[in-house]
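As a starting point, one isolated chain is supplied in structure tokens, in the form predicted alone.
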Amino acid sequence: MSWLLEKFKTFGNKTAIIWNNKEYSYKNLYDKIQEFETLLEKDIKKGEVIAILGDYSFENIALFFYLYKNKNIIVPIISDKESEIKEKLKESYSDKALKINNGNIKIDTFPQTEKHNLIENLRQSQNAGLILFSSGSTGKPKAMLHNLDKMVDIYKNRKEKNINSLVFLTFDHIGGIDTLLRLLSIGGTITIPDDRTPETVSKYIEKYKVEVLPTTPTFLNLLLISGVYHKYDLSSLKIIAYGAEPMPENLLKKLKEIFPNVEFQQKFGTSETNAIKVKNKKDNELFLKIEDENIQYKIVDGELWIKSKTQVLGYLNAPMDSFTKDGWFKTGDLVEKTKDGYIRIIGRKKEVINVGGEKVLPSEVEAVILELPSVLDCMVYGEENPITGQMVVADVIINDDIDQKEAKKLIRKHCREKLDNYKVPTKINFVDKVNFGDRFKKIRRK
């Protein structure tokens, strides 16, 4: 049996999962895994590609670990769109899809098709697998195949801890899988909110004394704008971990003022390489140092390249253009590096705006705009321009105490004082909310 499932037995009556306003122990989780093994033994063959339809729940988590134990290749799919589900089932070469509703499992079986050679190779190794899809914010979602056994083994030999973490990033996200494996491998508790609104997340933190909130800068800014942190007691929070996109310096400063007793930790990882152990710089959490025995990294023309022992086996529906022949993954993250080895993520290569040959990083312009007290949030992106190729555009949310005409003048004046002329937004749109996806990460329009 897997070392991880053995740990579940050892942790016994400790609370493993809080879901749907109910607490489930590690014994409950282990027993449910065994129940699924008995129930599905005849229906699920080892090595099959099995999709789990739905987000986190006690049953879906138990199902995940049963399939891991059974050496299946797991495809978590979260969507309400039938067309998207069908596409992902096809792109992942799924043999079956499982959906739990009111405790009952519905099994859909798909016609046998020739499998991708990467899937066949993983099957022959008799290891479990995991297929995750990229967010697809800049194109068609990529289906990424991981060796799940290798991924799980990263969490082996970690010390037992009593810690309660909200699971914020979704079941189909590498960050969400990391939270799940990391917490359950140490005997911690994961708290699953009903939804990911600031109101619900804050309510769950108060009710269940959540100590760790792993999330994104976009969500943290929504939390501030909503003001619900005044309504709930969030004093149980010890750590707010953030990642998935650059953190604006001004936003981090505001958060520290509101949560003075919370430790802020920047996290880093990619869907291709898994979560990566990093050390934050004490005097500036926007800088981090990669300290992971499974990782090598280098910076090529300002872009971070990574080689990981647990990196993706390959894409099932896309060419491996992001990888070099000798195995380096070109992350697309642009970074700056300090003399003492710390790096700061300053943007995405695909999001750079080209204004007449001059390069503009959206995060740099956003940081300047967010310095203004009247600005609640903003998002900068490029639009086509017949003269310069592209121009800088800013979507901005402002306070009610300033009119748009005055705000536009103020923003342009402030940007001209702080930025080169070609970086100053040519167009400013006032919006009610900035554009972000299901994973609470800004989606910059082109």
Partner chain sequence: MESIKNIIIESLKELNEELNIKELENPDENTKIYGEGGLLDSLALVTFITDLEEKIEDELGYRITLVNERAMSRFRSPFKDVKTLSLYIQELIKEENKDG
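Numbering follows the first chain given and starts at 1. As the structure is a prediction and not an experimental result, all values here were calculated from the model.
If you look for the form predicted together with its partner chain, you will not find it shown, but the lines that follow are about it.
Among 45, 69, 27, 412, the residue placing a heavy atom within 4.5 Å of its partner chain in the predicted bound form is 412.
This chain is drawn without its partner chain; in the predicted bound form, the residue among 391, 53, 379, 33 with a heavy atom within 4.5 Å of it is 391. Just one listed stretch, out of 394 to 402, 55 to 63, 34 to 42, 413 to 421, contacts its partner chain in the predicted bound form at the 4.5 Å heavy atom level, and that stretch is 413 to 421. The candidate spot formed by 205, 230 and 258 lies out of contact with its partner chain in the predicted bound form, as no residue has a heavy atom within 4.5 Å of it. Although the partner is absent here, residue 244 is not a contact residue: none of its heavy atoms lies within 4.5 angstroms of its partner chain in the predicted bound form.
Within 4.5 Å of any heavy atom of its partner chain in the predicted bound form lies no heavy atom of residue 145. Residue 435 falls outside the set of residues with a heavy atom inside 4.5 Å of its partner chain in the predicted bound form. Interface residue remark: residue 427 is counted as part of the site for its partner chain in the predicted bound form, having a heavy atom within 4.5 Å. Residues of 353 to 387 that come within 4.5 Å of its partner chain in the predicted bound form, judged by any heavy atom, are 355, 385, 386, 387 in sequence order.
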